[in-house]
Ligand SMILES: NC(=O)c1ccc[n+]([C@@H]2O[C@H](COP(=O)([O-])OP(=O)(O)OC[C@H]3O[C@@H](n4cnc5c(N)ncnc54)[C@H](O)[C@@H]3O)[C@@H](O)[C@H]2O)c1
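In the block that follows, a single chain appears as C-alpha cells, in the form predicted alone.
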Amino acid sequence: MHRRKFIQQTGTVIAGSLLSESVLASALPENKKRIAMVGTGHRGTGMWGVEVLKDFGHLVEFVGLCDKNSGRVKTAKEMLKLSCPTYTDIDVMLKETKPEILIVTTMDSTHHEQIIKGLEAGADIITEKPMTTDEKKCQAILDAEKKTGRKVHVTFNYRYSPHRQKIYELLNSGAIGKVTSVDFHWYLDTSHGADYFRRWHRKREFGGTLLVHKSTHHFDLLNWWLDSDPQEVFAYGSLEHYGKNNPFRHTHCRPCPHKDKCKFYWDINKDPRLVKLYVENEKYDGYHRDGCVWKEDIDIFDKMAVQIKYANNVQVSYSLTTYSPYEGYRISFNGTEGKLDAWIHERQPWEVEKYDELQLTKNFGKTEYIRIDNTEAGHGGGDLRLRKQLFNPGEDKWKQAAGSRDGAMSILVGIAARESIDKGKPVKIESLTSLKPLAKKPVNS
C-alpha cells in the first residue's frame, strides 16, 4: 500500500515499547572495564568512541587504540581526548594493554584477524557487522571462540530500533498466525548508495560485496524476526549502473576534471570530521575517501535479488538496489491469519511524519495502523539501546543481543548469494561451515 494512503487512514495508534528500564539500573562496577579498539575510522571513532565515552565513560576505560594508518590513529586519540597509547600493530597493543574487551571496526576482510587475535589474548570481542566476509574466515572465528572460551558480540543495531522491535513483538505474538513468506525490498539512495562505490567497499576482496557488508543487516533482521535459520539461497546480481558503466572517470573527486558535469561529484572538504580523519592522513596509506564511483576496478554488484528458504519453511524474496531516488524499505509478512506491512523511509529529503507506520490486516477482518515514534537519533534509537546492552546490560526480553552464530548466519546468506550469482545455482547454508540450520534459532547465539 502506498505510504500516503497509510497516512490518510486513521487507525489504532500504538506506541513502540522501549527496552526495559533495568538496562539502566545495574550498579557501577568497582573497576572500569579495560577496552581497546582496532580500526579508528569514522565508524570506530563515532559509534564506538565519542558515543561510548559520553554515555559509558564511568563504566569503561580505553587502554589502547590501533590502526594501520599511523596518522589516523593519532587523530582519533585527539578527537576522543584520550591519554591511552596508540599502535599500528595489534599484537603489540594486546600484549602491552591486556584489554578485557576489544572493539573491532577495521575493514571487513580483516575482521577475522583482529577477532581471533583478541580472543587468543583473553579478550571478549565487540565487532562491527559483518562479522567477516567468507566462509573460511567465519569458521576460523567460530573455532577460535570455542577454543578460547571468550565471547564474540556482533553489533546488529537494527534489531534495537523501536519499529523493528514492534515487528518482532507482533510476529512472535501470532498477530498474523504462522508466517509463510516475506517480501523484503531495500533501496539505497544516490547519496548513501553511491558512497559504497567511493570507498573500499567497492572491491569484493575488502567488503565481500554489499550482499555481505550491507545486506547482513537485513538478513539478520529476517533471521531474528522469523526466529529460524536460513537453509538454502539462490540469487541474481550484476553491476549495471556504477563502475565501468559511464563514459568518464577519475581517481577521486577533489582533482576530477569532470566535476562540473558529474551528478555524483562529492566535496569531502565540506565535512571537517572526514577531512581530519581521511584527507589529512592520505599521505600515510594513499586511501582516498572520495573515490570515483565510475572507477573500472569496481567489482561488486549494484543490484541484487535473493530467494531464501528457511529451516521452518518460510520463503523470502529479497532485493537491494543502490541507486534509488529515495532510501528505505518495503516489507510484507504473509501469514495464515493475516498480513503485516511496512514502508519505511530513511534519510528522506522531504518533511514527513515523526513516526514509522505498520499496517496489520487480519484475514476477513479489519486493518490497524500502528505508529511508532521515529524521532530518536542513531538509527531510530537503535545505536544507544545496543550500546546499553553491551556496556550496561539488562533484561534481553526481545532476544536482541547477538553472538557469533547470529553473526555467522547473517553473513552466510550473503556469502551463499554471492556464490549463487557466480555459479548460477542454489547454495545450501550447511555446505559453508560446521553450523547446521535449525528450524528454531538458538537464543543469543
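Since the structure is predicted, the reported quantities are computational estimates derived from the model, not experimental observations. Residue indices: 1-based, along the sequence shown.
The same protein also has a form predicted in complex with this ligand, omitted here; what follows describes it.
Checked against this ligand in the predicted complex, the candidates 58, 43, 397, 33 yield a single residue with a heavy atom inside 4.5 Å, and that residue is 43.
Checked against this ligand in the predicted complex, the residues 202, 72, 159, 218 give one hit for a heavy atom within 4.5 Å, which is 72. Stretch-level contact check against this ligand in the predicted complex with heavy atoms at 4.5 Å: of 105-113, 298-306, 224-232, 327-335, the positive one is 105-113.
A residue is said to contact a partner when one of its heavy atoms sits within 4.5 Å of a partner heavy atom; residue 388 fails this definition for this ligand in the predicted complex, lying far away. At least one heavy atom of residue 278 is located within 4.5 Å of this ligand in the predicted complex. Of the heavy atoms in residue 130, some are within 4.5 Å of this ligand in the predicted complex. Contact annotation for residue 68: at least one heavy atom lies within 4.5 Å of this ligand in the predicted complex.
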